[in-house]
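Below sits a lone chain in structure tokens, taken as the form predicted alone.
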Amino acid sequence: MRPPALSRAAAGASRLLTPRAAWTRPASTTSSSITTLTTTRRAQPNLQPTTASRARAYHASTHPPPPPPFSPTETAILSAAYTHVPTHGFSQTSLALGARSAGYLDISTNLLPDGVFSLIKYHLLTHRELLSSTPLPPTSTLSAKVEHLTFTRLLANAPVLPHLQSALAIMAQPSYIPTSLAELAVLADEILYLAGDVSVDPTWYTKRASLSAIYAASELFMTNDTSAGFRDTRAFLARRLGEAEELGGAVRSVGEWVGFNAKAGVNVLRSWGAPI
């Protein structure tokens, strides 16, 4: 008879030499383990990005449109609230009245994460998108088309002009400055694109930086303009665009380009009332 220790060693060796499929376990334990493992594997999310979720690394005129900036509920509230802005300004009162007009409770305005700034952003986005349907004079130069589109966008502020300075003050708040500057940059790019700008050299940046600064300055000038049809604002805009065109021809070195952009950005913030 073998000693107990040798018997256990022999049994272990025999098990190591036996195929894994021949091992025996209690049926209940094996079935439970397999069920648990299968359930765990099925519950794990698919972490691989799908084709639709991959961000495109290029931009073209055939690029699919971006997702809407507001949900259907937010759009309904903001579009109704915007009709009250000429009377009540960019305020919580306008938002509450808009919610009621859209068939929602006043508390529904809490769906807007940025509150009153959401109403300002709605104003900016809506009128920027309307520029694409603005007719252009067929024989105009690029500069004339830029002036026409820029002034058209400025005229869209006329119905809310008494409340424009308060809107600019809200836009200059630190938490909203990045979004405000980003929208201003998109507006400048949209105007130049619609005007037919096809530059691919460093002037692509200087044109957009200068137009951003010019638009912000013209918008601030407009808040105090009492001339018929904002004639003085149109003349101010034309002068600034002419100066920028002359400066653009003089900017050549990288240092001049960087300094010009930095100064333009500071001027934009100052025109909005930022303490710089």
Partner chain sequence: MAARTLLRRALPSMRSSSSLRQVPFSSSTLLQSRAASSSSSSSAIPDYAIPDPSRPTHFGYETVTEAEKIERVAGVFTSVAESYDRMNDLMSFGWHRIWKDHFVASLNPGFSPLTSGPDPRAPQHILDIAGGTGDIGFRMLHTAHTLNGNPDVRVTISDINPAMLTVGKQRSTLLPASQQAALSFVEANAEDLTKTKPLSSTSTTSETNPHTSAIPSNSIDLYTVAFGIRNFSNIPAALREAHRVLKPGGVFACLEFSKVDKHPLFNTLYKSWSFGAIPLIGQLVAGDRDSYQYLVESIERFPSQEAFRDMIVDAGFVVGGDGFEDLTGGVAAIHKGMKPRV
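Positions refer to the first chain, counted from 1. This structure is a prediction, so every number in the text was calculated from the model and none was measured.
Unshown form predicted in complex with the partner chain; subsequent notes refer to it.
This chain is drawn without the partner chain; in the model of the complex, the residue among 126, 179, 93, 79 with a heavy atom within 4.5 Å of it is 93. The partner is absent here, but in the model of the complex a heavy atom of 102, alone among 194, 142, 186, 102, sits within 4.5 Å of the partner chain.
Not displayed here, the partner chain is approached by residue 110 to within 4.5 Å at the level of heavy atoms in the model of the complex. At the 4.5 Å threshold, heavy atoms of residue 190 stay clear of the partner chain in the model of the complex, well away from it. Of the heavy atoms in residue 97, some are within 4.5 Å of the partner chain in the model of the complex. Using a 4.5 angstroms threshold between heavy atoms, residue 73 counts as touching the partner chain in the model of the complex. Stretch-level contact check against the partner chain in the model of the complex with heavy atoms at 4.5 Å: of 110-118, 149-157, 132-140, 167-175, the positive one is 110-118. Contact residues in stretch 214-239 (any heavy atom within 4.5 Å of the partner chain, taken in the model of the complex) are absent; none meets the cut-off.
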